[in-house]
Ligand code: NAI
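Shown next as structure tokens: one chain only, the form predicted on its own.
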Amino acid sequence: MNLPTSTRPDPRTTPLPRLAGKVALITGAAQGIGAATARLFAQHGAKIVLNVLEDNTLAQRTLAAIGEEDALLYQADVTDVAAVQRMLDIAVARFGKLDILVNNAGINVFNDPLKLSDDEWTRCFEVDLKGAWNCSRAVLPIMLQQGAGSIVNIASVHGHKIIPGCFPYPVAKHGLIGLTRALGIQYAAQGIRVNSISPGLILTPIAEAGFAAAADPVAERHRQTEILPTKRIGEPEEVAYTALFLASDEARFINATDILIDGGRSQVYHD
């Protein structure tokens, strides 16, 4: 008996766009993990809303890599609730919907707890935690109306392990993972998934600047590479591929979960 031949493409030979027909908002999209995620999502068929703090050369480079037909560049500080809402209104007017939010915008605030200023504390939490909430709160009504949506928060290995001298950054990242779990459970029955990714050391411009600021940049980069089990530093694209999976329908039963991307570093008991 001849069995009917499937008309579905074989994914082993015909890769399919994993985000075809979807619209994604990515914050902090000018460089590093944000830019890598934006480019990868666009390659997989998504229309992209590029949120940047400054419309500079890096932002324009990311926009050009995707193309203005498939991307909207919008300058907004995620700590500004009104600006975030305006961005969402313009994005939906342009693309008709919003399926994915990647909360990537963040800053490093590292200090001795007793030397930390009130301004440093406030800025850290305003960007790294409340900024993610501002964007999530803005997109949730859209996703609830659609009955579907995926939010991916870029947390940190600092949200799992404490590194001395990095206060209060890990406090904010622990909070972001908590926000992920709480929202994921709250809206699971309405078709909305909320997950987070916790990168370790990733070769972003911020990491490069950190190496450059060391007394011996080459030695510092070597030191930080050698303490990683993989003996290499992670790349922004490796975080982006995990975000792609979590944002896609392939991960439709993954919710309120955090994924570590640190080459195994957080599992090492001591150096």
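For clarity, every value in this text was computed on a predicted model and none was experimentally measured. Residues carry their position along the shown sequence, with the first being 1.
Another form, the form predicted together with this ligand, is not on view; read the next lines as being about it.
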item	value
4.5 angstroms heavy atom contact with this ligand in the predicted bound form for residue 205	yes
4.5 Å heavy atom contact, residue 179 to this ligand in the predicted bound form	no
This ligand contact in the predicted bound form: residue 77, any heavy atom under 4.5 Å	yes
Any non-hydrogen atom of residue 201 within 4.5 angstroms of this ligand in the predicted bound form	yes
Partner-facing stretch of 92-100, 105-113, 187-195, 138-146, counted where any non-hydrogen atom is within 4.5 angstroms of this ligand in the predicted bound form	105-113
4.5 Å heavy atom contact with this ligand in the predicted bound form for all of 19, 63 and 244	no
Listed residue that, although this ligand is not shown, lies within 4.5 Å of it in the predicted bound form (heavy atoms), from 154, 124, 71, 151	154
Within 228-242, the residues that have a heavy atom no more than 4.5 Å from this ligand in the predicted bound form	none
